[in-house]
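Below, in structure tokens: the form predicted on its own, a single chain.
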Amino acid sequence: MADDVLLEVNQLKTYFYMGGNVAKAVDGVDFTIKKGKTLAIVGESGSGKSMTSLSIMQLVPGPTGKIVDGAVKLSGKDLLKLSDKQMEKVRGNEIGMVFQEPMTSLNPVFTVGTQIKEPLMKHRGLSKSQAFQKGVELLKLVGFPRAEDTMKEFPHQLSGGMRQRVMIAIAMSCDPKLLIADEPTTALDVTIQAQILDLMKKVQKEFDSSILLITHDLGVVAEMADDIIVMYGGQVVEQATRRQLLKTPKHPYTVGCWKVCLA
């Protein structure tokens, strides 16, 4: 693995076994993410984008889903060879994830503060009071002027954009090397979308993290990505820098995607 590469995915295969049939959700995917850079995975629904990210995190829904082959190396360490207990230390600590639905990703019965404090106490060994103060700092970082009050509030008291900010704060709480953001601007209005993208760039710079961005939104790709891979049917059909792929897409599927997105 090159010194500037943080994540290397080689021939990743995740299949679902249902009633004698096999659905190849991720079928031999290869890509790398460089340190401090953003890689966007784009493609239509069902192309394998989100399942690729869940495979990296080893959160593939069972018992039908299974990672059957490949390697996922984070700083040279193959995550697929780790035990469940070892992988628990990676999630939230070395890799943070912003899930697709901010409305449902937060636990409605716990305060924002409780959910931010949990990874800090678990992975960093902070006391409750230390974790509370760190949580306040994180909420201020992601744009909450009333951070202490917000720590005591429940998710239903926050707007969709505010919940997404909380999710980013939780994901970045332990200074992860990699942030996975799965459709981070879905269901948000245009103004809030722009704020969330600006926030992600700010957080990336603050923590010097790499980002794996999963989206179908060409505007988000143009705003955020350094490199892009295009997925279709569980496979990567094209990979290039943002400039190359937006200016001169080569694969017919990519050309078709761009025409639809720009229509």
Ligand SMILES: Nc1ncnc2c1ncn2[C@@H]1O[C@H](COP(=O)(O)OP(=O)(O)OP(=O)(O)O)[C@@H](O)[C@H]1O
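All values reported here derive from a predicted model rather than from experimental measurement. Quick note: we count residues from 1 along the sequence shown, nothing fancier.
Not pictured, yet referred to below: the form predicted in complex with this ligand.
Among the candidate residues 216, 201, 35, 66, which is the single one with a non-hydrogen atom no more than 4.5 Å from this ligand in the predicted bound form?
When this ligand is considered in the predicted bound form, the option within 4.5 Å is 216.
Looking at 48 to 56, 221 to 229, 66 to 74, 193 to 201, which lies within 4.5 angstroms of this ligand in the predicted bound form, counting heavy atoms?
Heavy-atom contact with the partner occurs in 48 to 56.
Do residue 44 and this ligand come within 4.5 Å of each other in the predicted bound form, heavy atoms counted?
Yes, contact at 4.5 Å.
Is residue 23 close to this ligand in the predicted bound form, meaning a heavy atom pair under 4.5 Å apart or at it?
Looking in the predicted bound form, residue contacts with this ligand include residue 23, since a heavy atom lies within 4.5 Å.
In the predicted bound form, which residues of 66 to 86 put a heavy atom within 4.5 Å of this ligand?
Going through 66 to 86 in order - heavy atoms within 4.5 Å of this ligand in the predicted bound form - there are no hits.
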